[in-house]
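Below you will find one chain, with nothing else, as structure tokens; this is the form predicted on its own, and questions on how it binds or moves follow later.
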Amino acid sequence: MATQLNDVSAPSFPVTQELKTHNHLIGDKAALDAAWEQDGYWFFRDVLDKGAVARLRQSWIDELEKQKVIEPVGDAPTDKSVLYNGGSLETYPFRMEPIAAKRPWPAFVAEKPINDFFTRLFQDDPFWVPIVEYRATPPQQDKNKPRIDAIHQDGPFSPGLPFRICWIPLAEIDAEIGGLMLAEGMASGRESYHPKTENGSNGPIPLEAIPADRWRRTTYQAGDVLLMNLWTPHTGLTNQSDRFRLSMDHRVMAKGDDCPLVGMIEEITESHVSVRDSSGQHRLSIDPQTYVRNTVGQKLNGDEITAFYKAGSEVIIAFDGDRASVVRPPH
């Protein structure tokens, strides 16, 4: 069934088709791998323990109550999301920094049914890359703005870091609430659709670069999980409902994959970085092709690197031998 998502600036905005579900492939690694290459994603319906999801979601509810933008929830269920009460959004933390500071994700992924699901899926222990976004998106105040946030791929922003994007809806997200929309079948060529800016960063992907018949989404529910290929073009859709959109973006790999170095910076210059993790100190070279990036994905060059990164900062580094291919912050 297709869902029309009208973009006020583009009347021909594509009709989206339903995401495929891949539940039936769990346990068949070859079939999962083939679907990953062909479709560019895995979508699993009703596989995450709802109690664990509810405990994770409580951090969002607590913060929304603290911000006074919803009425106190009490014992009311929140898996169908929560209504916006019209409170001021002037100081609203749109990137949910207060939740990020509490770091609820480690407790969530450590819950046995959550860990068991990902272990069964990968046929290996999961490795959670600490790149997490916490989202509690309020209704869009300007109803005349386009519905697309920004079409992008994660691959060009994190070269050499082969994680899987793990998007977890925490409550119902229908077409009006928006949520994630992806372009199916466009990841196998590992092609970047981003135009390059003058400083080597990746510009936003124009809508016309994606064939209109590739767009997919669904009505997401608590308990669902969507994993995306790094090279799958995707975008968020603005929230045109009267409720908050609740979700968490994470990054996950199997422990047997080429996992990145995650540690604290001891020293960084334009040409090298020294990082300490639980196994000791590591020194890696940085060259002009290394994608040293900031929190919004812009490539840093020269003294921009030392202006942004400082000793004591947590960092994630993909590497090839003793060369860093990407240096990025966790959030």
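Keep in mind it's a predicted model, so treat the numbers as computed, not measured. Numbers follow the displayed sequence, beginning with 1.
Another form exists, predicted in complex with a small molecule; not displayed. Remarks below refer to it.
**Student:** Going by a heavy atom distance of 4.5 Å, is residue 251 a contact of the small molecule in the predicted bound form?
**Tutor:** Residue 251: contacts the small molecule in the predicted bound form.
**Student:** Since only the chain is shown here, I'm wondering whether residue 245 would be in contact with the small molecule in the predicted bound form (any heavy atom pair within 4.5 Å).
**Tutor:** Residue 245: yes, in contact with the small molecule in the predicted bound form.
**Student:** So in the predicted bound form, is the small molecule close enough to residue 217 to count as touching (4.5 Å, heavy atoms)?
**Tutor:** No, residue 217 is distant from the partner.
**Student:** Find out whether any non-hydrogen atom of residue 165 is located within 4.5 angstroms of the small molecule in the predicted bound form, and reply yes or no.
**Tutor:** Yes - in the predicted bound form, heavy atoms of residue 165 and the small molecule come within 4.5 Å of each other.
**Student:** Name the stretch, out of 228-236, 73-81, 90-98, 203-211, where some heavy atom lies within 4.5 Å of the small molecule in the predicted bound form.
**Tutor:** One stretch meets the cut-off, namely 228-236.
**Student:** Just to confirm, with a 4.5 Å cut-off on non-hydrogen atoms, which of 154, 184, 111, 176 contacts the small molecule in the predicted bound form?
**Tutor:** Residue within 4.5 Å of the partner: 154.
**Student:** By the heavy atom within 4.5 Å rule, which residue out of 161, 171, 121, 180 makes contact with the small molecule in the predicted bound form?
**Tutor:** It is 180 that has a heavy atom within 4.5 Å of the partner.
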